[in-house]
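Taking the form predicted alone, here's one chain by itself in structure tokens.
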Amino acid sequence: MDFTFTEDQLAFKEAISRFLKTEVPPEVLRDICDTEEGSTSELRQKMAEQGLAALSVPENQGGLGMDDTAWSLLTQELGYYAIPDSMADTAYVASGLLTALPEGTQQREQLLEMIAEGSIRIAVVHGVNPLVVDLHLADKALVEHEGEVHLVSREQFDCERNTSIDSSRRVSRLNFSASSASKIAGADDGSGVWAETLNRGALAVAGKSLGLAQRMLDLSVDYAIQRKQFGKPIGSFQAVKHKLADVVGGIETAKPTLYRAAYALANGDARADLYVSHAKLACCQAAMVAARHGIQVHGAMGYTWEADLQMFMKRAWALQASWGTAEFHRQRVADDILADGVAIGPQYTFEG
């Protein structure tokens, strides 16, 4: 069994990384924070032109047909550059939800084609994730209601705006009235689809958190090299080295959990809930450690607007409860590993 990424997946990741490095430097992020909408249609369109919107749309609908493993790489890039846009919510989470619905479902094929073109923004509203990023900008919303799948247009719902510690992140609650006209799938089809959607949403957050952790580590290392005390770079002091080593350890420990979860989702593993929750917990923890130690390396100035670190730190904090709190995911892990007769041990990791 080959667990390495394909050449296409790695090439796409590198292309997106180069694009984001050029298009979204920290000064651009600051400018976006100052906008009313917290997003730019120009940036989103450019990302779509790079193929990001079409990544997991089936080839029959004009997409590239890649699976969750490719997104485990790309969400890290979106996190590393703290992209203030809900592209992954549409291109990954909404696309996966629509693809999982039965063929012939109302507007399914049309919406998938529009996602691939980058001409639509779709918000996904799940009970475990009531605060939705860029909901106020969405053209459509896919809403979970008692296991059913409802599709509503922007004029059919209201947004209750909420503030976030991350000033680049605009989140809202959705208010709408479910009806037979908005329902596109019943609970029989919808329950399984929503379970997968929850996992994809959580996996996207895990990947972004891991990317944020790596960016905060890189910023902290650069600062530790440049900042001097007693005539020496502070990075030469053992206490600083230990903190940065802790961050590296957290990142390297979390990476396999992310890739294992993506593999499980892509291959319909029965224990995907366990692997996704493990990845969400490990990756978010890595980001929190990177933020805490990054602040300690930078000193009090790390909190200030002028320091790049604060943008990535605040995003990591904001993502902690997105698509399930730590308590929610710990409970899912406990429900699996404490169940009667559960298969636990290295021999079961990739059974079959």
Partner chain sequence: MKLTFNAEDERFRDEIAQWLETNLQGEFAKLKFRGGPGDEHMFSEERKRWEQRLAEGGWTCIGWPEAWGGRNASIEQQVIFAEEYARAGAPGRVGHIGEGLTGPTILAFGTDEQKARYLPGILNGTEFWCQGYSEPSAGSDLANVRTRAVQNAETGKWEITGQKIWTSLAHESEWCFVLARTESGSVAHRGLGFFLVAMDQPGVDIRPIEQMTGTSEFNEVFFDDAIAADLIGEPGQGWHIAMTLLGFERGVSTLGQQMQFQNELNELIRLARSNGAARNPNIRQRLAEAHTGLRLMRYNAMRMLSDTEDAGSESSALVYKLHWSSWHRNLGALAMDVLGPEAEMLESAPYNLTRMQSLFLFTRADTIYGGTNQIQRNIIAERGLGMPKEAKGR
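In this text, all values refer to a predicted model and were calculated from it rather than measured experimentally. Numbering follows the first chain given and starts at 1.
Unshown form predicted together with the partner chain; subsequent notes refer to it.
K.L.:
Any idea which of 100-108, 113-121, 226-234, 78-86 reaches within 4.5 Å of the partner chain in the predicted bound form, heavy atoms considered?
P.N.:
It is the stretch 226-234.
K.L.:
Since the partner isn't included here, can you check whether the partner chain sits close to all of Gln45, Gln156 and Ala178 in the predicted bound form (heavy atom within 4.5 Å for each)?
P.N.:
Not one of the three qualifies.
K.L.:
Only one of Arg169, His136, Lys140, His145 has a non-hydrogen atom within 4.5 angstroms of the partner chain in the predicted bound form; which is it?
P.N.:
Going through each option in turn, the one that passes is Arg169.
K.L.:
Which of Gly51, Pro58, Pro26, Gly299 has a heavy atom within 4.5 Å of the partner chain in the predicted bound form?
P.N.:
After the contact test, the surviving option is Gly299.
K.L.:
Applying a 4.5 Å heavy atom distance criterion, does Leu131 contact the partner chain in the predicted bound form?
P.N.:
Close contact exists here: in the predicted bound form, Leu131 approaches the partner chain to within 4.5 Å, heavy atoms only.
K.L.:
Examine Arg173 and determine whether its closest non-hydrogen atom to the partner chain in the predicted bound form is within 4.5 angstroms.
P.N.:
Close contact exists here: in the predicted bound form, Arg173 approaches the partner chain to within 4.5 Å, heavy atoms only.
K.L.:
Any of the heavy atoms of Thr325 lying within 4.5 Å of the partner chain in the predicted bound form?
P.N.:
Residue-level check for Thr325: yes, a contact with the partner chain.
K.L.:
Can you tell me if Ser41 lies within 4.5 angstroms of the partner chain in the predicted bound form, counting non-hydrogen atoms only?
P.N.:
No, Ser41 sits far enough from the partner chain in the predicted bound form that none of its heavy atoms falls within 4.5 Å.
K.L.:
What residues, if any, in 154-172 have a non-hydrogen atom within 4.5 angstroms of the partner chain in the predicted bound form?
P.N.:
The stretch 154-172, when checked against the partner chain in the predicted bound form, contributes Asn162, Thr163, Ser164, Ile165, Ser167, Arg169, Val171 at the 4.5 Å heavy-atom cut-off.
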